[in-house]
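Considered here are two forms of the same protein chain, supplied as structure tokens in two stand-alone entries, structure 1 and structure 2.
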Structure 1
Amino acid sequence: MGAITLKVGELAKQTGVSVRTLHYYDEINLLSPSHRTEAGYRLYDESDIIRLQQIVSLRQIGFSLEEIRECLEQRSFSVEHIIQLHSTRLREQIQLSQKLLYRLETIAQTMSSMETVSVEALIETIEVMIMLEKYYTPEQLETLKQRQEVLGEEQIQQAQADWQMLIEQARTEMAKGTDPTSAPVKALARRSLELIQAFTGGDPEIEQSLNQMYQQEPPDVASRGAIDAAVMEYLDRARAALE
């Protein structure tokens, strides 16, 4: 080895690694040229080119420069461990990308029916998606998405209108002082269970996630302002009376 020598510009041109990067590798003693001219110009021989190729390969799979240095200089260094570590990181990145893709597709679907989309509406939709991802598994979110497609936009809007009407009726009964265990309020409680059943598709795990969200988030946040804590507690007492 050593017969072939390239100046830094020539090496950069042939490998696609910038001159600036090659200079930096020299500065940190990761890749120093084996030769220099009398004028001080860097000259890289075949062994340097091989080391550069190794550095580029390791960088492409996510190794840090310090990890690359240890890999190349310490025979006892566990390359397998680093590969496993970066494989784990890559899986996490893939999962994050898939979650982001789902979020973007859902936002696009939500916004498609709106003529104009305000920044406030976009932010609200993103916040709702983040909250849903906190309580529902990716599989559950996919099930809910498929269920929305099956029901269609018209049925979904009707269910939302029915739910809003039910809340207003419950608020009216509460204002009148009606006992939550009375027949009228219990009828509202039954209707609320029917609407929940329609939303979850009868999936007990999705219903459990829904209940967990309402237990841990303020009711007005979980329902996007559709219901407050007092009305939620009122309906909960009515539902408990059904058992």
Structure 2
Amino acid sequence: MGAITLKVGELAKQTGVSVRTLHYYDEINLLSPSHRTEAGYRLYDESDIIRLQQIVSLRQIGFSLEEIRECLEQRSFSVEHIIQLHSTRLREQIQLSQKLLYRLETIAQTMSSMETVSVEALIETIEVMIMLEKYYTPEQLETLKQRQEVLGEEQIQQAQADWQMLIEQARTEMAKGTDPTSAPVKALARRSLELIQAFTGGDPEIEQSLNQMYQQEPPDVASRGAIDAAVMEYLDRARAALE
């Protein structure tokens, strides 16, 4: 009779749990107060308070309410097993989040070195990034990123301009019907190898990843519109004639 009982609001204040949460725990039969007043007010006694503290504790380590229920019901519940399960899931989730964060930071960095920050540019950046992730390992991407910083914006833009000019010249020769094994086109091919070399930095694995990408994706996709399949094949034949 004289035992201490608390009303929802009192229990809420004492434990820092919201009234709504206590209502909810009652609703899902996770924690139903042992008593009610005649008017229907919830009355929590000491055993209820202890149970609530247990629930709060288990929530602190990320257990779902369903898991907490099973845990407190002791129904053939392997504590070690579920701890391992949670650890594994959490590690995976952290990895995912870190990957996401890496993407965001890469984008922020890329955008910061751009004049216009349009939505189109953002989407373009994302598409490129996702494609690169498909073919290069994280380490390779890191290497490329670092070299990008070392070279500076100007050099990068210069390289892009070089590529553009080379492709334009190749397209012109192709339109003229010039044999890809002829000297001038072979010179262009040699120049393209130089540019590729400059990009890969001589790293054979990066070169392989690059080749992979250009084999799997259509050239205009892989180069983001810089080169089309026809010119690509024309240059390929010229390069093949170099050996």
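These figures come from a predicted structure and were not determined experimentally. We call the rigid core the largest set of C-alpha positions that still match within 1.5 Å between the two forms. Residue positions are counted from 1 along structure 1's sequence.
- In this pair, structure 2 matches the form predicted together with the DNA, whereas the other structure does not.
- Of the listed residues R191, T37, T88, Q155, only T88 lies at a hinge between rigid parts moving between the two structures; the rest are more than 12 positions from any hinge.
- When the larger rigid part is held fixed by C-alpha fitting, the smaller one turns through 13 degrees between the two structures.
- Once the two forms are overlaid on the core, H23 shows a Cα shift of 5.7 Å between the two structures.
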